[in-house]
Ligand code: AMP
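Take a look at this single chain, the form predicted on its own, given in structure tokens.
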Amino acid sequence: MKLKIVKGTRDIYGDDVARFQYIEEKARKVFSLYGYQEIRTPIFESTDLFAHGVGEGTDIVGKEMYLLEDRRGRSLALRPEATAQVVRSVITNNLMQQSSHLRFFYFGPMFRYEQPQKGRFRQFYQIGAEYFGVPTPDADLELVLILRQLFREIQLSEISFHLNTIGCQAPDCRPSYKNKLIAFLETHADALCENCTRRMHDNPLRVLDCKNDSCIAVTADAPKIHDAVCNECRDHFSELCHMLDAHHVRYSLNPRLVRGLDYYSRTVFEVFSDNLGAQNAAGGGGRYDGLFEIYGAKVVPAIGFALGLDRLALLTAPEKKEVKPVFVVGTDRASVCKLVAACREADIICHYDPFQSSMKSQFRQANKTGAWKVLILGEEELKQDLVSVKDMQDSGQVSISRASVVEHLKKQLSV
């Protein structure tokens, strides 16, 4: 049997793991500053959760979800995104009854059947945040500021934000605009790609987001949604822009930005990094004030974002932290293992040779691990109940009693 990894997946190890951990560590720091708590949700849910929330007409639901059937014939889906899940958790656990507003963040794998490319996989990883209960633009501002601060923390300063408003479900807002857009697209149907022809009536806003050159040319003259939204949505977006200006956030208005999921309303945004090349979107998000209502719950204003951790990891170089491991060499396995365990229990990074090679070979291994000190348990040391501690920088060596050697190392580490 020839073992092969599944297309669109990868093993993450070595420096890649270090990059993931670095970004996650910085994200935890920033989220804690803003009062966000971690939430962990299952990697699969009822298919209906995503079909109703994300949207039947979206590519995610129609083409990209990984579906499975359990032993009782129920349709389940590996999660393609996490917002619908977090909302489900808030509803099923009655969390909004405990507080007027909630803040959550998450890390984890998502699954979509799409064409793999640089930084994009079929099992991919996201960092996300969700903010529930606050309808005013300061919630929108907060999410943008979190993103800006997180990118600064991971030393990516060349970023920019694209913003748009896609209105709400009031009759004189997005529904009215959709009718105008459909009428426009029908007059240019021959120039649209096959995908856009198919979704022109079911999900017309997605046509604005198409990357096909012909569709881009057609929609350049399409009605602009920010000109058609209701007064309340227009005021919300205008206030947000004033707040962004006051906080010196660099952004541009993008009338083509609609995002790909049906649950979005009002503010939508994306964050870009010049370091990612042609496919330079690092993540995005927006408001989804109507998603709770779609699931039959009381309306809760909400906003969130998600970042592609795989793509961010391409750009980061984790800070090099000084580590000071020790290496135990010796002739008696039991004594070596006992000293190794004592060091590790005292939070000292400690290595040894489990194969008990020659002392010369053990010293070579100590060099390879970059050991700060080598703890020697030779025959003479064992007879006298001592440990010879060799400094690998200056080759100095001292003898310490076995009972006090760990304390000796801890004092040196604390200097």
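Everything numeric in this text was worked out from a predicted model, so none of it was measured. Just count from 1 along the sequence shown to find any residue number.
Just so it is clear, the following notes concern the form predicted together with the named molecule, a form of the same protein that is not shown.
Though the partner is left out of this view, residue 289 does not reach within 4.5 Å of the named molecule in the predicted bound form, counting heavy atoms only. For the chain shown alone, residue 142 is not a contact residue for the named molecule in the predicted bound form, no non-hydrogen atom being within 4.5 angstroms.
In the predicted bound form, no heavy atom of residue 293 sits within 4.5 Å of the named molecule. Residue 259 belongs to the set of residues with a heavy atom inside 4.5 Å of the named molecule in the predicted bound form.
Comment: 307-315 is the region of 128-136, 190-198, 177-185, 307-315 lying near the named molecule in the predicted bound form, near meaning a non-hydrogen atom within 4.5 Å. The contact residue chosen from 95, 253, 216, 281 relative to the named molecule in the predicted bound form is 281, the criterion being a non-hydrogen atom within 4.5 angstroms. Think of it this way: in the predicted bound form, the named molecule has a heavy atom of just one of 237, 124, 107, 104 within 4.5 Å, and the residue is 124. In the predicted bound form, the residues of 104-121 lying within 4.5 Å of the named molecule by at least one heavy atom are, in order, 112, 114, 119, 120, 121.
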